[in-house]
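Okay, here we've got a single chain as structure tokens, the form predicted on its own, with questions on binding and movement later.
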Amino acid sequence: MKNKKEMRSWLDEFKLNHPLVIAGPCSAETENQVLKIAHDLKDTDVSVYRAGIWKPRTRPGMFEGVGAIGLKWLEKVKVETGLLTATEVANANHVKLALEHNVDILWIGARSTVSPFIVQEIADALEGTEKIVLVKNPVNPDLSLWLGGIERLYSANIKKLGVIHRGFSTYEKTKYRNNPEWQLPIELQNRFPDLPLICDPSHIAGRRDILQDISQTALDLNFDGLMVETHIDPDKAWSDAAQQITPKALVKMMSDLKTRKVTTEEVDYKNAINTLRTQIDFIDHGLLDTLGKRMKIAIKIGNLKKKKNVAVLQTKRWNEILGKMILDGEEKGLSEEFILRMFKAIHQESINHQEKVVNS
């Protein structure tokens, strides 16, 4: 992807003085519901109306979308409100139907991004299109898979590309529906700074009470826009009710969000330094979380050693770890001195935890 700046041009076409906002229901349910939401969003900062037409569900028997008839409702949205329209596509037939109904933005969902076969099928169906195509991150935190999807589309001569960060599945219980793992979109942004980056706080949160905090974090990390699920009666939505908000609540949230305006060199500097420091904060919190998990495993090892009457210090194992980490650290630009200091401290902390267990 050599000509990355080509991908920024479609965002510039909106000529916005605020982040791009894509909003609308998780699922198109009825014509009246689709049009009512669209009219409520018409005179706001929302530029694009989204609605799920085909809904990939985890288990069969759940509501899987109204299908192609919903595309006719999106056409009416464009005529009656002037909003651009967006929907998810998961195969070549979806693409064909969406193009026939003049949908402006197509996105590839997280379940589809995990499959190179699906992405390639969609890329082939869209080859050379002037439509905007967005790629959601894969379900699991795999940056290579995410980048691979973008590259397949770019290779199909699709230049109006962007990505959507919707968080990642995890087996651990957290306050999020999908863990944000902010370091991954940050890394993608660092590699391709001209690739528009949209945050989907609805799927990260899974509940409406933390939508604003997640949205603010995304803006603090220099995301280009938000995709927020919006419904006239969220609690009665046919899918993902807990994470949707009313158009009125969306307008209030957007007015409360803080965005930075670059007007002087001094402000530009402050924006850049704040973004970088926010990235550092998230990485640091991640480091502490990882170290905490490591120590819990060390305690389990201590219990096992106590049970089998095995010495806490295993010199051979320690030397193997240290040698491997020095080599891995060099590949990442980290000095041997730093690796030695860091891992000696981690090892000592592990020994301390194990000694407490063995001697208890």
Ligand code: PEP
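In case it trips you up, residue 1 is the first one in the sequence shown, and so on. Only a predicted model underlies this, so the values are computations on that prediction, with no experimental measurement involved.
Same protein, other form: the form predicted together with this ligand, not shown, and the subject of what follows.
Checked against this ligand in the model of the complex, the candidates Gly67, Pro56, Gly323, Gly292 yield a single residue with a heavy atom inside 4.5 Å, and that residue is Pro56.
A heavy atom within 4.5 Å of this ligand in the model of the complex is found for exactly one of Trp73, Trp107, Trp182, Trp146: Trp107. Residues of just one listed stretch (48-56, 313-321, 298-306, 331-339) have heavy atoms within 4.5 Å of this ligand in the model of the complex: 48-56. Interface membership of Cys26, defined by any non-hydrogen atom within 4.5 Å of this ligand in the model of the complex, is confirmed. In the model of the complex, at least one heavy atom of Lys136 sits within 4.5 Å of this ligand. This ligand in the model of the complex is not approached by Arg152, whose heavy atoms all lie more than 4.5 angstroms from it.
Residue contact with this ligand in the model of the complex: Lys160 places no heavy atom within 4.5 Å of it. Contacts to this ligand in the model of the complex (heavy atom within 4.5 Å) from stretch 76-96: Glu88 only.
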